[in-house]
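In structure tokens, the next block holds one chain alone, the form predicted on its own.
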């Protein structure tokens, strides 16, 4: 007689077997969880970092992994971990390498902005503040002329042209720079540009967190007038209500009217 084994049966079998195998481990881990509760409970306390102390570390860390997200996180969390230990030294910094090149090299969200979102999530007091901080640095990134940082020990000691990204996307940011500089992408010159940009964005994030923790953060960035016009009709709660975006529209879209 053949017995039909369904997916549910397999799940039940696995659950029972797993329960026997890990029951003792759960009891043993209870004490570990209680000891690490401080490290996993958010928000973490923010401790002021002087911007000038972190620029070179952000640049060098970005080069260490050719990783923009990694560079920002390593510089900030690494600095806090070196000075204060837990909970900062519990964060798995290598887990941020995926953010390189706009998430695994696909040219999506710039790893520095991805990193800033993670940092704001760790240290902001509530979701409203988190979203406001993310919006502020994203629009700042779109409008800022970068890179501006000149490394103390540059890997490639050449003048690097600055450009305005006009977007928080790696694809657009990098292409705008390539068009302005004449350099090709995925070259040493391109990586040098991006890793200097990591220093710029990391400093901005640290300044914002310093101000936020002291209750002095000011949200100054706004959509440009073209985009505000789009949102007045197409934004959430408006007549069309078919666009949900906090990015400037005219980076990719022309006026359709």
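Residue numbers count along the first chain shown, from 1. Model, not experiment: these values are computed from the prediction.
Another form, the form predicted in complex with a small molecule, is not on view; read the next lines as being about it.
Chemist: Has each of 232, 249 and 252 got a heavy atom lying within 4.5 angstroms of the small molecule in the model of the complex?
Modeler: All three within 4.5 Å in the model of the complex.
Chemist: Would you point out which of 61 to 69, 222 to 230, 190 to 198, 203 to 211 contains residues with a non-hydrogen atom within 4.5 Å of the small molecule in the model of the complex?
Modeler: Answer to the contact question: 222 to 230.
Chemist: Can you work out which of 172, 134, 81, 97 has a heavy atom no more than 4.5 Å from the small molecule in the model of the complex?
Modeler: Comparing distances to the small molecule in the model of the complex, the residue within 4.5 Å is 172.
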